[in-house]
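Okay, here we've got a single chain as structure tokens, the form predicted alone, with questions on binding and movement later.
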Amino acid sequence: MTTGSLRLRKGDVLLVVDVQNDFLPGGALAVPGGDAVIPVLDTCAEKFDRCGLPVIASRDWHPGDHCSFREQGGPWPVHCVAGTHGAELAATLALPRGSALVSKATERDRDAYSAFQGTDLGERLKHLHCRRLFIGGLATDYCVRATALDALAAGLEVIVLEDAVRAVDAHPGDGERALAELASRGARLARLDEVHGG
């Protein structure tokens, strides 16, 4: 794993994963400290915008009877039901005008942790000639991990912003293990202060 400055360049895209009300403190499936990622992501998105680089946000957008819900035999409480307050992106998440939005896990019988699964994200990134994907959001050990693994499998260079992710930690240390796994698979772990405009 290399360290040091990351200068933004053409082909870079920022992906903000699932920073939605239900994953924030007080939400139906709150990630501990989840709101701490927002100011970091806001600053990072501003850096991308100043460089004319694209920002994409993903969101869970579930039907009310989604298979991941406990009532349907899944592991999670009802969360991020399409059209509800809980599914909205955090009000303080300041994404640049024109940022794209990808909705995932929209079908009743199919779950999706990765923002690539069942969406057009891969095609969008090809259209943008993306070579490096910067990833932050929620949660480290679930949707961030799955999205980063799919990005690596697609041949992209992946940078996970360590100070812009937080973990569910259903088992203590899950978040740290997820980051270690991503690093071992070739992702770079970086922090916001390493990211600089072109």
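Just so it is clear, the structure is predicted and the values come from calculations on it, not from any experiment. All residue numbers refer to positions in the sequence shown, first residue = 1.
What follows is about the form predicted together with ligand VGL, which we do not show.
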Interface membership of residue 22, ligand VGL in the predicted complex, 4.5 Å heavy atom rule: no
Distance check, residue 29 to ligand VGL in the predicted complex, heavy atom within 4.5 Å: yes
Proximity of residue 48 to ligand VGL in the predicted complex, heavy atoms at 4.5 Å: no
Contact of residue 138 with ligand VGL in the predicted complex (heavy atom, 4.5 Å): yes
Candidate stretches 138-146, 169-177, 155-163, 39-47, one within 4.5 Å of ligand VGL in the predicted complex by heavy atom: 138-146
Contact test, all of 18, 60 and 76, partner ligand VGL in the predicted complex, heavy atom 4.5 Å: yes
